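Presented as structure tokens, the chain that follows is alone, the form predicted on its own.
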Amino acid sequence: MLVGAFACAHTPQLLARPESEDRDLVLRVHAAFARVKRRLAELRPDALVIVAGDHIEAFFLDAVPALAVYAGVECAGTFGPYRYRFPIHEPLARALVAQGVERGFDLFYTQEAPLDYAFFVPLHFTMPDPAVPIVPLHVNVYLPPQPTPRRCHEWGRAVGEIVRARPERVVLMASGGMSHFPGTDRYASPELDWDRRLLEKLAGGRGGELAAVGGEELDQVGNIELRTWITVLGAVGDAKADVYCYEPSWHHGNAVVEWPI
């Protein structure tokens, strides 16, 4: 059963905390993460399905899946000085692969690909104690051609159907966003107004409209990572978002959101 859904920023500066960042802003986002952690403790999930992209660490030009599921017993990765390893809820992961294929999704699955920091950063701050096993779902957000927002929404709807039919208590978490332009001359000019308008729509239960946004528009406003949010939105339907925070830094819109289920 689906018992909760969230979206969390994975901005690496929230963890590395370089001097270039506003300390108070970072701490406010940390406080929102702590709120997610408390909510996860209340929801008592048996598994946390986390949807994130990959910064050319797990997948590159030798294999670029549009949608992938981490299966197997565990997953692991590195980010700077951090070495992390998480158990995978294997029965749920395999159900998502098998039933996803039955629903017409040509899914890639892996037992060996390294786990990107896009997965690790939110988990570092929000994993409840005791920890719960995870199922990482990869969505290609960086290497064109990416899956369309509509296809991500369809995949999310399928994930929601599969999870709701399971006996486990499951929480979904999207990782990514909001607006930022890494590696470009627009890095210091994120589209903060676009972010704010979107969050207003999510708070009003209009998240389904995001599935109709074209991939070109997401690229133009620095929100290619919102494909992960769109995936979760496919599962939660018209639920109204509770926006815990929106903290715009000089280079990145940082948001933390819950969709009460």
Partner chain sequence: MDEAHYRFPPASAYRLNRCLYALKSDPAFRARFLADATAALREMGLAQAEQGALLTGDREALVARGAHPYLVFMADLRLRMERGQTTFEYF
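Only a predicted model underlies this, so the values are computations on that prediction, with no experimental measurement involved. Residue numbers count along the first chain shown, from 1.
FYI, the form predicted together with its partner chain isn't displayed, but the following is about it.
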## Note on the structure
Answer key: of P81, P167, P130, G104, within 4.5 Å of its partner chain in the predicted complex (heavy atoms) is P81
### Task
Choose one stretch from 37-45, 57-65, 231-239, 195-203: the one whose residues place a heavy atom within 4.5 angstroms of its partner chain in the predicted complex.
57-65
### Query
Does D185 reach its partner chain in the predicted complex if we count a contact as any heavy atom within 4.5 Å?
yes
### Message
So, A32 and its partner chain: in the predicted complex, are they within 4.5 Å at any heavy atom pair?
### Response
no
### Query
Does D219 reach its partner chain in the predicted complex, with heavy atoms at most 4.5 Å apart?
yes
### Query
Taking heavy atoms and a 4.5 Å cut-off, does F108 contact its partner chain in the predicted complex?
no
### Query
From first to last in sequence, which residues of 112-138 have any non-hydrogen atom within 4.5 angstroms of its partner chain in the predicted complex?
Y117
